[in-house]
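Same protein, same chain, two forms; see structure 1 and structure 2 below, as structure tokens.
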Structure 1
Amino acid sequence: MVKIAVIGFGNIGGGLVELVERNKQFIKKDTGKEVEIKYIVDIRDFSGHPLKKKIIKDFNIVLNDPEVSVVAEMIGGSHPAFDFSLAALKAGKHVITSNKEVVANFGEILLQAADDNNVSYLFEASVGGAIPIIRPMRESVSSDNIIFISGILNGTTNYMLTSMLKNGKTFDQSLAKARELGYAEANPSADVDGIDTCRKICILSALSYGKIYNSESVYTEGIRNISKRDTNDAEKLGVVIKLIGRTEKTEDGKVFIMVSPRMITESSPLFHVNDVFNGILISCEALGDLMFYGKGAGRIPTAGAVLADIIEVIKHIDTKQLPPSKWERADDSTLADYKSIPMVFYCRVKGDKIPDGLKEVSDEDGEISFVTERTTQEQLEKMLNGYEITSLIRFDV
């Protein structure tokens, strides 16, 4: 019998409990072992809940119970989620999480603690929701040289951008609808300002290159400044606008990580990823281009990814540990300057003319938009010295 403690009985934690209770026979058939949720830890009052006998408020009860071998951390935020996870790992318990903030901020510490204590720290649900991306990268892609990763990693912003482009909605209108449908929080900053996407691309970058960068050091631009003029011009160009997290190794050995709106051409697999879906494109030296697509959020899909990690741990419970995975905390000086990376830009400036040789897209309301050849942002800013730039969107090529 494998006994589990679920820490946090909110949306995802509740979904996990539901899935475990509903699938006990399947889990036993798949792993050869019975499972039981022994504790649910939450400080709120659940006195009327059918599972109230399992619900406790003191995490130390879990920590000091030798029968509990797996802890599922579903709290969210950095603290006390990190503190509970570290303590559980040091107590010899496997830890599973969906918490991308903790993985991005403390992943190297928690992976080291797991290795030191011969247990596992797994986080499939931290990126891509229901999309199996962490495990394939760890098991199938890790031996290949990853050229770049480019991903639509946030379902809320993808829904909003789809609405803005296809339905002609403004940012405010699409955000209001996203809130109505439950896709956006009351405070949507983590989504619309790119913070959520940044944490996820930092995790994918660490899986690719072995080092985790501070998300605060990564250039991150959200979608608040995307206007109707931008989406109209995108339609003229035959492209779509998506919020993209991208990472790649540069020729000088540095790592480039960036989060920003991008114009996606129809030749890209990301072009058709719409609404709340996520899409992750991984370009490998030997395997070529791999595309991962699916629902990036939601109670049951995300809980399903957590359960998949739990099942993987149970399958290896007698040997105590899956193959170890460790990262280093990266030195920010090895992070490439985003302004030095060659790109193609869509740009809009105030005025009635633009530098020669640029492809004009539209000219209205005292502003001209155009597309550049492949250049760096440093070179572009020199070219446009004296112009007032009102919009700058990169192409994902």
Structure 2
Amino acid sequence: MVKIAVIGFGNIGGGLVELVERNKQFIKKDTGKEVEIKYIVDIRDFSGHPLKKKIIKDFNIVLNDPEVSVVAEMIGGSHPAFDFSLAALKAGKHVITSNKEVVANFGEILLQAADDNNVSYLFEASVGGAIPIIRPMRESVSSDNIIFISGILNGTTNYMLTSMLKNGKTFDQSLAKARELGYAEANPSADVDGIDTCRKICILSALSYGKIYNSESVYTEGIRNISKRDTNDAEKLGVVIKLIGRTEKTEDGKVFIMVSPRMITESSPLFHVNDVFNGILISCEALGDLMFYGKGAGRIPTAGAVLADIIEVIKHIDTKQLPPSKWERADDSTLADYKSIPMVFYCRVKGDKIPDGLKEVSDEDGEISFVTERTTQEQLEKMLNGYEITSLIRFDV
């Protein structure tokens, strides 16, 4: 019998409890072991809840119970999630999480603690919701040279952009619906300002290049500034606008990571990724382009990814540990300056004239928009010296 403690009985924690109960027979058939959720830890009041006998407030009870071998950390936020995870690993318990904030901020410490204590720290659900992405990166892509990763990594903003662009909803209406559907973070600024996407692309970058950058050091733009004029121009150009997290190695050995809205052409597999779906395009030297697609947020899809990790741990529970993922904290000076990376830009400026040789998109209401050749932002800003830039959206090419 494998006994599990679920820490945090919110959206994903609740979904996990539901899935474990529903799939007990299947788990037994697949792993040869019975599972039981012994404790649910949450400081809130669940006195009327049907599972109230399992619900406790004190995490130390879990730590000191040798029967509990798997801890599912479903709290969210950095603290106490990190502290509880570290304590559980040090107590010889496997820890599974969907918490990208903790993985991005403290992953190297927790992975080392797992290794030191001969247990596993697994985080499949931290990136891409239901999409199996961490495991393929760990097991299948790890021997290849990754040229770049470009991903729609946030279900909330992709749902919002789709509902704003295709269904004519406002920003506030779309966000309210995404919250109602259980896609958004407790503080949805993490979604709409790109912070959540940034944590996820930093995790994928760490799995690709062995080092994790501080997400605060990565240039990050969200979707708040996308205007009707931007989307009208996108339609004219036959492209869509998506919030993209991108990582790649530069020629001088630095890592370029950026989060920003991007114009996606129809030739990209990311073009058709809509609603709450995420899409992750990994371009590899030997394997070529790989595309991962699936639901990026939501109670049951995300809990399903957590359960997949639990099942993996149970299958290996007698041999204790899975091959560990490991990374180090990177030195920020090895992060490439985003203004030095050549890109194609959609740009809008005040006035009715643009520098020669640029492809005009529209000229309305005292603003003129155009698309550049591949250039750096540094060069673009020099070229547009004296112009007031009202919109700048990069192409994902």
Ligand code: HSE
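Residue positions are counted from 1 along structure 1's sequence. In this text, the rigid core denotes the largest set of C-alpha atoms whose superposition between the two forms falls within 1.5 Å. Fair warning: this is a prediction, and the values are worked out from it, not measured in the lab.
One chain, two forms displayed separately, with the form predicted alone being the first of them, structure 1. In a rigid-core overlay of the protein, residue 177 has its C-alpha displaced by at least 2 Å between the two structures.
After superposing the rigid core, the Cα of residue 188 is displaced by 2 Å or more between the two structures.
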